[in-house]
Ligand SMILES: Cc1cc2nc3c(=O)[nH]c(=O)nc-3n(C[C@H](O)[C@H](O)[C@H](O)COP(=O)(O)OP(=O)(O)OC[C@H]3O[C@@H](n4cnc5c(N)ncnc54)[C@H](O)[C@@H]3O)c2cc1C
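Given next, in structure tokens, is a single chain: the form predicted on its own.
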Amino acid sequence: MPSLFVVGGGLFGSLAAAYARARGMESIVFDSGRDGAASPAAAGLFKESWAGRKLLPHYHRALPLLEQLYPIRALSLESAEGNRESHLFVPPSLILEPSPNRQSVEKVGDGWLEAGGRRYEGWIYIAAGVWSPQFLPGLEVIGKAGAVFVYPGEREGRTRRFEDGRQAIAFVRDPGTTYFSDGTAERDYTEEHERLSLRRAERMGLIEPSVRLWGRRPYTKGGPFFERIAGRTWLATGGRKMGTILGASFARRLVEEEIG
């Protein structure tokens, strides 16, 4: 059986590789560790109502795969008014490929790629986020940047809405720490955006973050993009803020329908 070679070790690529292995296929993930990858900064939260009518089929396709591969946690976030919002949650640390091949992929063709001076042949899945256009000229991908912050210690999960309609969340994404995000995603991200996010965190009692994570989320015109671009090569991007759900849905489509 041919191997699946994945370009990009974010949520899209890692989910495809994990599901391929669960179906008995060998899979290798290539990720050179470029600065600005969005997936390590992802919250990992999802709920059915966030999908909306357009993305709801993706949600229902994604959930069985996530339940098969990972422990899905239930999380309750308390609002300033004392109301509670229920979410489902898979930490990105459980999904992201732990030991990808760090060689840069130089060329991709129909059923092959070249990295580190070596040619690999099999099925190819390009999940390179904002860098996807280098493998498919003409593909329009907009990168919207933002930063999240990790604080020492575990705090109760909370959500707050601010005057501009922005919703911020704080919860224990990883043991021993509290994750904070206000959902900022800007094409032209500036220091002022970051200062505003930090002020919002302070208003939620979070002072002096220990870790700053930033990345550029990929947006594509008309929504997420999944397409066979050659006989044995596919490309998917445009996860926006739904990387876990869309990545899992596309993993099923790739492995079960396109390849399987």
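All values reported here derive from a predicted model rather than from experimental measurement. The numbering used is simple: start at 1 and walk along the sequence shown.
Below: the form predicted in complex with the named molecule, not depicted.
- Partner proximity in the predicted complex, defined as non-hydrogen atoms within 4.5 angstroms of the named molecule, places exactly one of 116 to 124, 143 to 151, 160 to 168, 71 to 79 at the interface: 143 to 151.
- In the predicted complex, the named molecule lies within 4.5 Å of some heavy atom of residue 37.
- Contact check for residue 4: every heavy atom lies farther than 4.5 Å from the named molecule in the predicted complex.
- Looking at residue 17, you'd find every heavy atom of it more than 4.5 angstroms from the named molecule in the predicted complex.
- Although the partner is absent here, residue 33 sits close enough that one of its heavy atoms falls within 4.5 Å of the named molecule in the predicted complex.
- Residues 127, 128, 129, 131, 134, 135 are the members of 124 to 142 with a non-hydrogen atom no more than 4.5 angstroms from the named molecule in the predicted complex.
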